[in-house]
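The chain below stands alone and is given in structure tokens; this is the form predicted on its own.
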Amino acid sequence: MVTRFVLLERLAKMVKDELVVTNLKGTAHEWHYLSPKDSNLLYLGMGMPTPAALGLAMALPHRRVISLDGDGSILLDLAGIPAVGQVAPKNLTVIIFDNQCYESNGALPTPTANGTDLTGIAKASGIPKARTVLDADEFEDAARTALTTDGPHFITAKVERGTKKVPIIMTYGRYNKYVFVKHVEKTEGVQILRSIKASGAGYTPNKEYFKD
């Protein structure tokens, strides 16, 4: 098996203007270090990245959307997989980094350590373009295919435990969401957020205001 960081390095070289939604902690830290873009929606809680990415893919069917999720997270809200199969958005790629444990909570094993097959669940849920990858070359091939062909695509990447020690550039949750939404507004030519200035508050958003 390979580390998640190595796979994210490969993916970062392929991602251009895709919207990327990430899981908590290690995945978010590593991805933000490798690809620090306004198009990243970071640090979503367990069970949230794939449903959020599905919503984005439905709202913006002309934009490619990537979910960077984990085995523990997707298993917490397993309904997210059949939801993707039901809607079948052509522009969505779900990548599950499966280290077979809840690493941030003491590395207790997840069901994937005892035979649960996330790719099998995806296929049974109506996602035929689902595959499991075991090394970096397989991952790169799967990711390139996902980013150049219609989906939905579902990639279960078996990875080693551990998080790469990278400089952590703190991005507060609310501030990151604000930056992400403003990026969507700018690139799509639409208004999503109500103007704070127009409301009479006369306030310019800053990182301190958006601290969690």
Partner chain sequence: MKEETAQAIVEGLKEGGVNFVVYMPDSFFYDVITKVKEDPGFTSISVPNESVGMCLCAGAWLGGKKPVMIMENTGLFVASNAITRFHQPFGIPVLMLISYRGDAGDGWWMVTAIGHAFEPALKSLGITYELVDNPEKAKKAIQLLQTSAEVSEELQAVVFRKEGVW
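Residue numbers count along the first chain shown, from 1. None of these values were measured; they are calculated from a predicted model.
There is another form of the same protein, the form predicted in complex with its partner chain; it is not shown, and what comes next is about it.
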Heavy atom of Arg174 within 4.5 Å of its partner chain in the model of the complex: yes
Proximity of Gln86 to its partner chain in the model of the complex, heavy atoms at 4.5 Å: yes
Heavy atom of Asp77 within 4.5 Å of its partner chain in the model of the complex: yes
Contact test in the model of the complex: Ile168 vs its partner chain, heavy atoms, 4.5 Å: no
Among 139 to 147, 180 to 188, 26 to 34, 160 to 168, the region lying within 4.5 Å of its partner chain in the model of the complex by heavy atom distance: 180 to 188
Sequence-ordered residues of 40 to 74 touching its partner chain in the model of the complex, heavy atom within 4.5 Å: Leu41, Leu42, Tyr43, Leu44, Met46, Met48, Pro51, Ala52, Leu54, Gly55, Leu56, Met58, Ala59, Leu60
